[in-house]
Each structure stands twice: as structure tokens, then as C-alpha cells.
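Shown next as C-alpha cells: one chain only, the form predicted on its own.
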């Protein structure tokens, strides 16, 4: 079997952050994942805790939140741990495509649903959306692109909308990845800017779907700004997420440069456990299987969407290590009486409970395995969708899990 210092199971944002932290500390790392996680589906900005109102200092808000919810994953890292992890994340994204906050707190950003949502760190291509003024904003959609409805977005944002054809490509059925590839062509972007300029009525802000390309999105944005004379910004759209792909690609590129091994496409099928420690993993790709050993392991497989948790008829289980899962005592308690209840359904807080160092606990409250840590949405006692905390939890716990693992 091949041997590593650390094997990270899961290639979502938590797993990527754990791997990046570990390789920066000099570890030999393997990432094993069945896919790229939810990052490439929903990733756009970095949410830390959306319930903190814009204008309120996030450090103060987070400290109060942690005091109120001592079992939350953020209680394992504290605000100082979250801040260090966010700094490490931002170091991976230098200008021009960088992530930054507008203030010391959350800001409001327009979405593809025509709402304004709170978030903490935003990419450079979305920054001008924070300062948009409805009376001076044009939202642009495109014929044949069904994942962004400019008329609906502009109606809810109370600004003007326009639907235009793609230059040279007047057919329907275009997808965001296909358009992102076109946006790498400077001449195409110039023509697009000319098309937009012809529809303008003096607007100073222009919002477009988030498909400015994968490699040089800021260059595309600058070209559009030069053509229109306005401040241009991306607006999040339905999956797949081009901004999420950019985040994944940056991590993937940096990790490969540092010698990280990737084992993608087939989920880990078996964990080899002996004498209270994980000795290795087995990945089966019929008819063959391969084994991999390590001194330490991080479980970052996500919740239900990523396959990190399975919901059976009566119980929710963690299928790889069979770590106990904190959950309501009966299936009838998984959900509230109304689907759109103002509070999250109890099942959304199901997950793996850990010690302070993020090692999973057994049913008696002791350490489950000496060399296993957990990170990301598989952790219990959070409701990241309602809290708008998903990326913050992934980044902070991925960062901490790697540091705790390598310190052991």
C-alpha cells in the first residue's frame, strides 16, 4: 500500500482546506473523493454567519453566537481560529481575482433570485454589486440562457433589465460552462460589451450572470467596463457555479504544485481499523481495489448531498467508519410540521459530534479513533443553510482539523 502522512477523505471545500493547510506544514497528503463536492454547485462567496446584521462587527457577533451555541462547530475553533483560517484562504487568492470583505462585517449582495443576501468575503468580480444603486443599474440576461431570468431579477431589485443575444452565437440552450469558455476569448467579450452598450440608458452599474470565465474573470470584467463605461459585476446563478469552479481549480492547482496526490471519481469503500486506529483505506474500482495507508485521516465527506451521511428507514448513519451520528431519537422528529417552517428541521443538525480537537466521539463520549478527525458539514449542531455559514464552517474546521492532526 502507498503511505502518506495524511489522507483527507472528501474533496469539497473542507477537504481542500485541510489538505492545503497540511501541505503548507510539510505533510505528504492524499485527497480521496468521489467528486468535487458542493463547492462547484453552490460556491460563490464566503459566508461566515449571515445572521449577523450588516454593519455589526463580525468578531463581536461571532463571539456572542459561540457563547449562545457552545456545541456549534465554530465553538471548536473560536473566532480567532475562524479568522486565521480565512486569512489562510485569502492568501490562496491574490489579486486580481481575490476575496475581500467590504467592512468588518457582512455586506449585502444581489442574487439570481433578485434578493439581497448577506455574506462576508466576496470575489473581485462581484464587488461592485455591493454598491449598486437600483435607479442606476441595468441587469442583463441572454436569449437561450435559461439559468438567469433578467426580467425577474430586475423586477425584484427595482432596476431596469434587458435580454440580449450572444454575439455570433444566436442559438438557444447555452450553458454556464460553455459561456465561461467563450468568455476566455477577448474579442467575444469586446463584442458582448458593445451589445450591452447599445441597450444602456445611462446606467452606472451593470449586473450579469456569473460566467466571466474560469481563468481570467477579472480581465473579462475590465473589458466589459471599458466597453460600457459602467461598473460591472457578476450575479450568482443556478448550478453549476462558475465562481465555485474557480475556487476548486485554484486549490487543485496549488495542491498539485505542492505534491498532493488526488484520487477522484470513486468513493472510499472501506476503512481498515485495528486497535483503536485507522490503518488505511480501500478504494474499489471493479474488478480491482487499491489500498492506501496513512498516519492520520480527516473525514470531510459532507452530509447527505455528498454521501457523508445516509438516511435509513429509522436512523441516520455515517457509512464509512460507522461513527455515531447525533440525531433526533425517532424518525418522526426529523421534521417539523410545516415544510417551510421558520426554524430549520431538526434533521438538518444531524452529524458527527467531536471533542474540542475535532476528533469524533463514540457513543460513550470517548474518542472514536485516535487518528481520525472530522471537518465540514458532516459535523453536528449546525444548520449552515439557514445560518449562511457553510463556507465559514468548511474553511475553519478544515484548517483546524489539519493542524490538530499534524500536531498529534
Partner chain sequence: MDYKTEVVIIGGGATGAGIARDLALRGIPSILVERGDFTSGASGRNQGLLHSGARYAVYDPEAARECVAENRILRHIAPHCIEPTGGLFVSLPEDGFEFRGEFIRACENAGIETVSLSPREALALEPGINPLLIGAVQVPDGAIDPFTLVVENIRDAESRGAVVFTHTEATGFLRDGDGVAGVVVRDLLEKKEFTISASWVINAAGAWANRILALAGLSIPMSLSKGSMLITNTRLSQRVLNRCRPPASGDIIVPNSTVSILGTTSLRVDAVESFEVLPEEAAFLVYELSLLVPEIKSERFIRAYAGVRPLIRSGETDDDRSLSRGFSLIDHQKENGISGLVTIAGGKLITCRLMAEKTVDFLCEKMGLRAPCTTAEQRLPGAGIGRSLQDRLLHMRREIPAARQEILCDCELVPRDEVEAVLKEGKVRELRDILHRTRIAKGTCQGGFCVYRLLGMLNELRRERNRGDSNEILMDFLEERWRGIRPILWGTALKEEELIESIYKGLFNLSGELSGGQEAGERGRR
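If you superpose the two forms and keep the largest set of C-alpha atoms that fall within 1.5 Å, you have the rigid core. Everything quoted here is computed from the prediction, not taken from an experiment. Residue numbers count along the first chain shown, from 1.
There is another form of the same protein, the form predicted together with the partner chain; it is not shown, and what comes next is about it.
Although the partner is absent here, residue 35 lies well away from the partner chain in the predicted complex, with no heavy atom inside 4.5 Å. The closest non-hydrogen atom of residue 273 lies beyond 4.5 Å of the partner chain in the predicted complex. In the predicted complex, residue 202 stays away from the partner chain, with no heavy atom inside 4.5 Å. Taking the partner from the other structure, the partner chain in the predicted complex has a heavy atom within 4.5 Å of a heavy atom of residue 342. Only one listed stretch (87-95, 68-76, 112-120, 320-328) carries heavy atoms within 4.5 Å of the partner chain in the predicted complex, and that stretch is 112-120.
Contact here is defined as any heavy atom lying within 4.5 Å of the partner chain in the predicted complex, and by that definition not a single one of 21, 127 and 249 is a contact residue. Residue-level contacts in the predicted complex: of 102, 157, 261, 227, one residue has a heavy atom within 4.5 Å of the partner chain, and it is 157.
Among the residues 152, 136, 293, 269, the one placing a heavy atom within 4.5 Å of the partner chain in the predicted complex is 152. In the predicted complex, the partner chain lies within 4.5 angstroms of at least one heavy atom of each of the following residues of 310-342: 310, 311, 312, 313, 314, 331, 332, 334, 335, 336, 337, 338, 339, 340, 342, in sequence order. The rigid-core alignment places the CA of residue 202 less than 2 Å apart between this form and the one not shown. After superposition on the rigid core, the Cα atom of residue 94 is displaced by less than 2 Å between this form and the one not shown.
Fitting the two forms on the rigid core leaves the C-alpha of residue 274 displaced by under 2 angstroms between this form and the one not shown.
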